[in-house]
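Listed next as structure tokens is one chain, alone, in the form predicted on its own.
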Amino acid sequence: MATRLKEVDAVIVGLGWTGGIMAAELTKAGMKVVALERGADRGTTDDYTVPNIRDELRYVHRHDLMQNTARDTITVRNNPSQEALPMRRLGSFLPGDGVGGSGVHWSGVTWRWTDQEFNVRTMYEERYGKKFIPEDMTIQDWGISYAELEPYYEKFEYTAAVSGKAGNLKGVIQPGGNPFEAPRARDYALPPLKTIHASQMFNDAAIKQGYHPFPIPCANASQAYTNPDGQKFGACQYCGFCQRFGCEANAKGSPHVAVIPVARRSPNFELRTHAWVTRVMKDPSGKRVTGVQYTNLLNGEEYEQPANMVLLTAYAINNVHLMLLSGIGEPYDPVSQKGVIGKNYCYQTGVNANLFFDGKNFNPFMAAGGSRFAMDDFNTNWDFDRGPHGFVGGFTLSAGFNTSLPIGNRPVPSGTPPWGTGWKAALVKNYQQFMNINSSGSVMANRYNCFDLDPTYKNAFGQPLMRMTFDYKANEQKMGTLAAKLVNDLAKSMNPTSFNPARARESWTVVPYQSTHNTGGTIMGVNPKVSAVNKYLQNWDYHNLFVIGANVFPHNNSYNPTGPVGALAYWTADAIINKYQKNPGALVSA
């Protein structure tokens, strides 16, 4: 029998970026908030200091900051005709575990998504006609605009200590920035990071080709900084231990540095760690949720936490899983295309070329998570004509280094022996003489790429695992083919001694790491028949349930998702404080 606890104004499930933002903002507004985090309470002082944090075996290969697949995982398959099997070891993506979530071990790359994403179906239909979009591509407009989100993008960037160079200030193009970005009211919180040699070479080559490269915006503080909430950041040390690691210098914009301490200072906030939420509770009326049920992982005791509002702010996949386990909304069926929960799962695609230069010395171990230059000529540049290439979406090209580690980074030219003396000699020679150029591509929603509950496999609580069905479709394959050609053309123009050319990905596999950029499953929109939440991320069926994270994205961009995730969290917090609290109920008419 679960112990029923005292009711609070809001219960937050998961304390990463979205949970941290919601906790900070709602407690500032005087609400009583309880946050439930199924991982441990970790922080810089006790967990991410030198020398302990510089442990590649612990954090990269043994996934110390990641979700434990022995307790909970997903099953995966490429198409509905296959049997889905459990992901026994993390590979393609790395959900975080503990206070701060994936925001602790991310690289910090922070983009602003634009109306090319938010109005994707409308814009492509207006330019190319309705027949240009394949019948099985279930993309839709999001129900929100860049203009609405712009102030919240800014708020997130200034909170997370984002470094970068504006390319479009109030409609005026700025030298050195991204000329294709949407207009912003202010420059980034901090100037760009230092330019490393590999990025400079890419920059020079891209300019010669007529492209428009710029430093990637990232939440790696280029100098000491205090954010609007008084949280202090150190300057990036370019230590080379960024992706998959906590930041030793408090220079990476992570929720345990930027927002969670703001909530913890408030007497209105309570954090409970090792708290595994198993379901969202509903009242008999079918119009409200009443709280959540969870298990204390340290002693096995079950609790009910009643709340006036429930905020699902866990990792994107886990938010969808909890919705399905709780029976909220109609599960999506890819055959009939009825239902919404589980619909429009998306990932990313990309290509990579490795370049080798005899006599160069790139010092790849000295870099930040955002030590790269990129170009958007084939992404947010709407003048780039997709028509001849036959795909929806776009891709960025970039070069530089991010966490080039001694065990994991073993660059050798094609034709090198796979082991033995020859392999060792090639590795010693090429580690310092190596750089890469890669692309990151968007993935458009497809009716057969989705989530549901697995009929066979269960987690440690006896609940069905989430089943992921996903593969790249013709749209992504066409995009990858063009991206590979452009990457290889740029690589050749740089005159490397040798290079391993980029190749398009024909199919997705869960085995090698690619990106922790999973989106969709509880998507936002203007119609409850084809979306799970409205523009304020409020569930259509239960007005006091808000579902926040990349799971609300109806498709995936080539950009990293954290920028819009943070902006949407601030947008939703503002709506709760200034609209919902004054008049609880649906914020948008169905």
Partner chain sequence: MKDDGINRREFLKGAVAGGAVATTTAVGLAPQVAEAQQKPAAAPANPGYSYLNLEEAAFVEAMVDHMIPADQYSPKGTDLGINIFIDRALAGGWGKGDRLYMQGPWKVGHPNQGYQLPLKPADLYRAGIAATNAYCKKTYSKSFDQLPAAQKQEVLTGLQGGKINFEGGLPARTFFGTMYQTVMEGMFSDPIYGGNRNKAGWRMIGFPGVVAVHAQNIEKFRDKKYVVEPLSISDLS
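Here the structure is a predicted model, which is why all the values come from computation and not from measurement. Residue numbers count along the first chain shown, from 1.
Omitted here: the form predicted together with the partner chain. The next part is about that form.
Out of the listed residues Val109, Met444, Leu465, Leu324, Leu465 is the one that sits within 4.5 Å of the partner chain in the predicted complex by at least one heavy atom. Of the residues given (Thr456, Thr122, Gln209, Asn495), Thr456 alone sits with a heavy atom within 4.5 Å of the partner chain in the predicted complex. Picking from 399-407, 130-138, 284-292, 212-220 the stretch near the partner chain in the predicted complex, with a 4.5 Å limit on heavy atoms, gives 399-407.
Heavy atoms of Gly387 never reach within 4.5 Å of the partner chain in the predicted complex, leaving it off the interface.
At least one heavy atom of Pro86 is located within 4.5 Å of the partner chain in the predicted complex. The partner chain is not shown here, but in the predicted complex it comes within 4.5 Å of a heavy atom of Asp64. Although the partner is absent here, Leu57 lies within 4.5 Å of the partner chain in the predicted complex, judged by heavy atoms. The candidate spot formed by Gln305, Ser336 and Pro584 lies out of contact with the partner chain in the predicted complex, as no residue has a heavy atom within 4.5 Å of it. Looking at 177-198, the residues that come within 4.5 Å of the partner chain in the predicted complex, counting any heavy atom, are Lys194, Thr195, Ile196, His197.
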